[in-house]
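Quick setup: one chain, the form predicted alone, written in structure tokens, and binding and motion questions come after.
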Amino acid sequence: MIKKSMFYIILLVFIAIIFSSCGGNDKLEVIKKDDKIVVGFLMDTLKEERWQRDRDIFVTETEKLGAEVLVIAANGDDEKQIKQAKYLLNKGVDILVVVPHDAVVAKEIVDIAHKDNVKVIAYDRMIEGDVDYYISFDNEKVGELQGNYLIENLKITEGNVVYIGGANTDNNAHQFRDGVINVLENYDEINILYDEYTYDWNTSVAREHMESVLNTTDEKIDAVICANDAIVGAIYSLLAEKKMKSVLMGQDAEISACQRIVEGKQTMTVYKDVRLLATNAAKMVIDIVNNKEINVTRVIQNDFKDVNSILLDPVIVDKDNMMELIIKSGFHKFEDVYRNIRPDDRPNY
């Protein structure tokens, strides 16, 4: 009888524990060691070298500050990104850092997070709606640097220019384009022969854009300005197949772009040191969770409000300053950038 009574007592205690853990809150519990901050990092994609670098640096720097980072990529799928946001919130993250696939759709992520009293940082791409903070580079300046390089460095003040932009759903793509157009529209002799966004940053679509240009005009193309280096790669490949050359300009300073620049295949890129971006973002998330004051540099208007923002400065990289800005800073390795250059033709290092 005693053994049987003990069995029922243990069973009742066990049932009570189960019900107490389920009651009133569907949010999954995460046991935090020493109250460690947990950061959710929602990324649009990890297909490009640039975003892999952002992830690695952000995770490393955030962990140095004593927090844990949960990273998920949506691979360009809006519904998936929203589901991933819900998943991370159910995991009990203290803050969300989001690289949105679609700036407008990502409003829902912000709304969902705010219901859980979790703040959201838009990382490198603005989110429309009630987003709490934004951190990026001055993306309009990226386009201005490209346009000014064409005018001031290359002295091209007349001729035909093709502009191939990024995704129409990406706020940055609009800012890149605005920067370029703001410069070029001041020169009446520059003809913008083609000006299109590229669906989902898809390089195959970018190549189709360029094929359309080549199929509809016999005019000389003096420059092709692209919204990123991956697009430049697709355009260069097409032009090479047709034994054609043009000034090619991009941004991101990807390793493939830097190789093309030193080989004379790409004219310039705009360098946005993602190490600075990821490191500043890491400090920012910890300060926000700890209710510390954020030293914003700009206030940026989205469709809903003025968003407290930190904007970093991009810089031009070409063949002349590759060594100083890219190699000596450790962004890329000398042997990687100059891999295809004969040893006797490489600069001293």
Ligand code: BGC
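For every residue, the number given is its place in the sequence shown, counted from 1. In this text the structure is predicted, and so the values were computed from the model without any measurement.
Below, we turn to the form predicted in complex with this ligand, even though it does not appear here.
Trainee: Report whether the minimum heavy atom distance between R177 and this ligand in the predicted complex is within 4.5 Å.
Mentor: Taking the distances in the predicted complex, the answer for R177 is no, it never comes within 4.5 Å of this ligand.
Trainee: Tell me, yes or no, whether D94 is in contact with this ligand in the predicted complex, where a contact means a heavy atom of each within 4.5 Å.
Mentor: No, D94 stays farther than 4.5 Å from this ligand in the predicted complex.
Trainee: Just to confirm, Y236 within 4.5 Å of this ligand in the predicted complex by heavy atoms?
Mentor: Y236 lies outside the contact set for this ligand.
Trainee: Does T169 reach this ligand in the predicted complex, with heavy atoms at most 4.5 Å apart?
Mentor: Result no; T169 lies far from this ligand in the predicted complex.
Trainee: Given a 4.5 Å cut-off on heavy atoms, tell me which of 248-256, 185-193, 211-219, 152-160 is the interface stretch with this ligand in the predicted complex.
Mentor: Heavy atoms within 4.5 Å of this ligand in the predicted complex occur in 248-256.
Trainee: What is the one choice in D318, E61, E68, E48 with a heavy atom within 4.5 Å of this ligand in the predicted complex?
Mentor: Among D318, E61, E68, E48, a heavy atom within 4.5 Å of this ligand in the predicted complex occurs only for E48.
Trainee: Identify which of Q266, T198, Q81, N228 has a heavy atom within 4.5 Å of this ligand in the predicted complex; exactly one of them does.
Mentor: Contact residue from the list: N228.
Trainee: Residue by residue through 104-126, which ones have a non-hydrogen atom no more than 4.5 angstroms from this ligand in the predicted complex?
Mentor: Sequence-ordered list: D124, R125.
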